[in-house]
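In structure tokens, one chain follows: the form predicted on its own.
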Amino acid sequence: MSAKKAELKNYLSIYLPTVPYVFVYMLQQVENNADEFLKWVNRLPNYQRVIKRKKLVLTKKALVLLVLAYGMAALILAGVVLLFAKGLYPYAVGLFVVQPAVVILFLAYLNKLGVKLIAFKRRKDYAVASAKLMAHKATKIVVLGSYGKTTAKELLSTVLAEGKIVASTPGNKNVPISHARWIINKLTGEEEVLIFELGEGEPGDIKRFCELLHPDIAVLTGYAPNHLDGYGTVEALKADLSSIQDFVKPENLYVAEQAAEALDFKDKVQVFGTKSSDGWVIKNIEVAITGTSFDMNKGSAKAHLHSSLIGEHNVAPLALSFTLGQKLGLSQKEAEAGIAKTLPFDHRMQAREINGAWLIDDTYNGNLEGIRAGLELLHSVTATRKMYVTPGLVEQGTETEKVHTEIGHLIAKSNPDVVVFMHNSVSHIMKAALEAKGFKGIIRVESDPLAFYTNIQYELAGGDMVLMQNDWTDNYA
């Protein structure tokens, strides 16, 4: 099909009767952000193929929007029929032509209006939550960074729970309103430690979070150039992450070694990594598909730690959880027991056996450093055949080509037997970079990601290992 015919087909697909449903799905995928919704619409997708990876979740809000979208479409079509009946054919045709645009603008306006109304209500929730936290005697820990936040939060929560009453924000709920509601509805006042994950995405986010949460301790897990669609530049992202030093004392600011090298801090902060944490020296790191082990020494004190988490990149947050736990009052024995209880998290380097093969699901990963860590693991383990699967990274802004070229080079260095890219706007960049490094393995580009992931078990045989990294939602081309 020629490019012009394909473009015409895409344009005409906007008149399908299912399109109001597709519009509501699109809004839900961009978290009801009207501006992002309009950008997606303007990319002129084929509305028969927009819903590829997920489906519309029929929440109350989605149902209301569905009714209003179809109601508006029906009202316009009724007007078209009426104009035809009166012989006003040009007006009828014109109204029919603009019908999808009217529905689009109607939904966008409803969401912008809803955002304003919600923002007005949320101000009260923020005030109530902030006051409740100010009066709460618990030690408040915030976890921020470009990657590894959920992992660090869950590790801290698991370890500290060995000797403290701990509460942490659930799952990947990491925006101010979810924190405010959790504070208001879930905290009892008996907690000794509270842990919050910060979902920063645009300039000033760290300040807004800290004004709500009043942190005593902060853990900065790492820096990578992501969320650049919101930040615009890497300088703005770095400045926002670095601003945490304005809200936490330097002795209570724990920064991963990689982030400490990338960001600027006016005072000496507490740096942790795979070699040391709070004076403890880390040695003898061993990584296997069943977990990660390492030794820690500080003077005469010694500890041998084992976690079911996979990968050397987990050593730093595990070590921090061990040392920070003791700083907050846990005994060494309690901290060791907490580390032993840590488990892989859903879609974060989560291994499972299929037909005698190992599949490592790291699809929640969304940053370059996570890709680097996963590919290092893939390179280090022994397998009959190694397969690597990725669609690439979203929200890389002006760094898109640079980042995906680097991904191609990292894949080449890992040297799997088979590489599977998902066809999108960055797959050709990764493929070209991989080939430029002289990669001799098999390269595949899949046009139907859902079909591939659904049938992955049929791709594997005993002794194989496949690493799947990152996700690429439908609103990204």
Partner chain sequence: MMLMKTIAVIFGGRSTEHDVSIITALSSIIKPLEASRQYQVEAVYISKDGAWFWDNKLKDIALYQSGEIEDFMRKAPKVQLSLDDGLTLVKSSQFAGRKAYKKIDIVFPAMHGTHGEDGELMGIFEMANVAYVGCGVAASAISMDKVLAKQVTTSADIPTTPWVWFTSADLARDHEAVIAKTKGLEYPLFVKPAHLGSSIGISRVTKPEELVNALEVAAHYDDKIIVEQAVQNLAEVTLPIMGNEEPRPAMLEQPNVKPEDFFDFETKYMQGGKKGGGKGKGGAQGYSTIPADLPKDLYDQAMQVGVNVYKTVGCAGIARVDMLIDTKAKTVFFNEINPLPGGLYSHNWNKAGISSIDLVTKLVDYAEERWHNQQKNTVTFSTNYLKQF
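Residue numbers count along the first chain shown, from 1. Predicted model only: the values in this text are computed from it and were never measured.
The same protein also exists as the form predicted together with the partner chain; that form is not shown, yet it is the one meant from here on.
Trainee: Which of 60 to 68, 27 to 35, 426 to 434, 440 to 448 has heavy atoms within 4.5 Å of the partner chain in the predicted complex?
Mentor: Among the listed stretches, the partner-contacting one is 440 to 448.
Trainee: Of the options G356, G232, P170, G114, which one has a non-hydrogen atom that comes within 4.5 Å of the partner chain in the predicted complex?
Mentor: Exactly one listed residue reaches within 4.5 Å, namely G356.
Trainee: Is L16 close enough to the partner chain in the predicted complex to count, meaning some heavy atom within 4.5 Å?
Mentor: So L16 does not count as contacting the partner chain.
Trainee: Would L460 count as touching the partner chain in the predicted complex under a 4.5 Å heavy atom rule?
Mentor: L460: contacts the partner chain in the predicted complex.
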